[in-house]
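Next up: the same protein chain in two forms, each one alone, written as structure tokens (structure 1, then structure 2).
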Structure 1
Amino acid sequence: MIEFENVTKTYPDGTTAIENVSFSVEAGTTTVLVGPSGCGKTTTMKLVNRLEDPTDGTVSVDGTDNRELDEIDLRRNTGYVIQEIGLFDHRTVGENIATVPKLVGWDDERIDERVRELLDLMDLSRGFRDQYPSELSGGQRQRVGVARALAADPDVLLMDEPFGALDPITRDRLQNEFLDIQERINTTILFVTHDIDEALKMGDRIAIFDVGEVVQYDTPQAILDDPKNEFVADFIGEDRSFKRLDITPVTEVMGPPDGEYAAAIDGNTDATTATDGGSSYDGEALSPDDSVKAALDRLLRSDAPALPVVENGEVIGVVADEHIRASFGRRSDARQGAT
């Protein structure tokens, strides 16, 4: 766990970057720090690995004030990814990834195995190992940067606008890939961005900053459902309902597979194609990981009254327009009841 307790950072010229910031980051989760430029989010992140030290208050790692920890060991055990990536141009991809493991004294066999493992994890063929950063695309360099940050199995990973310099298509693809990677690593992540859509997509919890203060710290769903003040509401934007569609999985709104829309999917269910003797669905379908936004988009582009949600070839639910409307109507009623 990482804990910020009444943390203030004031520079010698009298500028206060953050003031009285308090929040806790649970181990193994991703917390996104988001806000406009100059609000203090990057300063807050740098306090974790002591690139900055607080003027007042405490930053604790697993219950210990990080100023009591060895500074070099702390940084070697904290992965760091920045927007500019910062790869060593004169070193190959493999040598870049191996940087920290070599510093901490891993043997060559262990390093070699870790480099291969991370190339696979980042969906980079092993042929990339002997290439140089100048030979890679921006997205490939960013993958190598993340691999280097993860190389020595850090407990904490700091990511400062890691996808900010990429084109929208590459950025979206890397966001999705990183979410998949996140499920396979047990690393506590602090992720800085100025983009609320990225924050909602990437974070288990979000800290929204305004002029050096955390004005709301909560889950993406809770922030969308109940912005704490006008600043948060304005920062999220007027399309809160659409943003909610993007972070809600279809499994939360789908209806039963044997309900009134069952007939709409029966034509694509073939008992002869299944390997286990059961039925198998081979038509157009949604996966359990798809968002409600993706489901709505495909419904609008389809003539079908509903789309099935399929997992391992089996239909586990059905999504129609009325399921989406009913679910978000319940959310609206719940908010009105709470007020």
Structure 2
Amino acid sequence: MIEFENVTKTYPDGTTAIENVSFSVEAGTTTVLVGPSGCGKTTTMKLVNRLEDPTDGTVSVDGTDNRELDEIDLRRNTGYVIQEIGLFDHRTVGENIATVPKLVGWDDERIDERVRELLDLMDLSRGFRDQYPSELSGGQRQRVGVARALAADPDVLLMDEPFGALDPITRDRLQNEFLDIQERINTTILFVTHDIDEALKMGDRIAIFDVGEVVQYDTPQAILDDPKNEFVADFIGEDRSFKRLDITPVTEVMGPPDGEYAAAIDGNTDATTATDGGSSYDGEALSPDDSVKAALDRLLRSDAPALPVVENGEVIGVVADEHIRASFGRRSDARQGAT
């Protein structure tokens, strides 16, 4: 767990990068720092592994003020993907990835195995292992940077725009890959981006920064539902509803599988090959992981008035236009009424 308590950082030249920032990242969750350039995201990150120390306030890791921790141990236990990648040009890709395991004294065999594992994970061919960073593309270098940060199974992972130099397709794939990894490893992650879509996708929680301060710290859902002020609303953009559709799973809007749509979906559930984005049209069923956006897309392209949501061959619900509309069109009103 990482906790920022009233943290202010003023650089020696007098620039105050962040002022009175407080938030905490629960163990095993991902918090995304998002905001315009120069608002203090990188500074916030560097305060965690003590590349910088706060001018005021405390940063604690697992309940201990990090200034009381040995900075070398702290850093070796904290994976760090720096914004500029910062690979060691005189070392091969393999040696770069092995940096921290070597520092903490893993044996060669274990390092070797780990490097291979990470190359596979980052979808880098094993041939890259003996190449030098100067021989790689920007995107490949970035992936090596992420692999290097993950190498020694750190408890805390700091990622400063780790997917910035990737094309949209690769970025999307690595984001998904990373969401999977995140479920498997129990790492506390602080992730920096200036792309709100990436923030919404990757974060359990999001801290929206304006110059030097956190304006809103909340779940993606809550930020979309209820932006705290105009700055946040502007930052999210005009297509707020679309973004919400994208991060909401169909299971949250679907209706019961019986009732009026039972007939419509009857006989439509066998050829279940639902996949993300509806690229497959053999069947029209949705899977519980699909987003409402995918469901809407499929509905718009389909003749059927409703689509079944199928899990392990069993229909667990149906989605029709009206479910989506009911859930999204009137949701905020309903919420406000309830509270």
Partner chain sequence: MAGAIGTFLAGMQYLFSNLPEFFDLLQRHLALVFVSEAAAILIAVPLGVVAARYDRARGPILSVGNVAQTVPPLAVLALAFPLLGLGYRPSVVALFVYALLPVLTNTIAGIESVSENTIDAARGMGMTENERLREIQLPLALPVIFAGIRTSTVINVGTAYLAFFIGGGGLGSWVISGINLFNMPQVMAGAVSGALLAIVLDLGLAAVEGRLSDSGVEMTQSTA
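Here, rigid core means the biggest group of C-alpha atoms that superpose within 1.5 Å across both forms. Structure 1 provides the reference sequence; residues are numbered from 1 along it. Quick caveat: nothing in here was measured; it's all calculated off a predicted structure.
S.K.: Quick one, which of these two is the form predicted together with its partner chain?
M.R.: Number 2 is right.
S.K.: Compare the position of the CA of Tyr132 between structure 1 and structure 2 after a rigid core fit and state whether the shift reaches 2 Å.
M.R.: Yes, Tyr132 moves 2 Å or more.
S.K.: Relative to the superposed rigid core, does the CA atom of Ile208 travel 2 Å or more between structure 1 and structure 2?
M.R.: Where the cores coincide, Ile208 shows only a C-alpha shift between structure 1 and structure 2 that is less than 2 Å.
S.K.: Smaller rigid part's rotation against the larger between structure 1 and structure 2, whole degrees?
M.R.: Rigid-body rotation of the smaller part between structure 1 and structure 2: 15 degrees.
S.K.: How much does the C-alpha of Asn96 move between structure 1 and structure 2, in Å, when the core is lined up?
M.R.: Asn96 is displaced by 4.0 Å at its C-alpha.
S.K.: Rigid-core fit: what Cα movement does Trp106 have between structure 1 and structure 2, in Å to one decimal?
M.R.: With the rigid core fitted, the alpha carbon of Trp106 is displaced 2.4 Å between structure 1 and structure 2.
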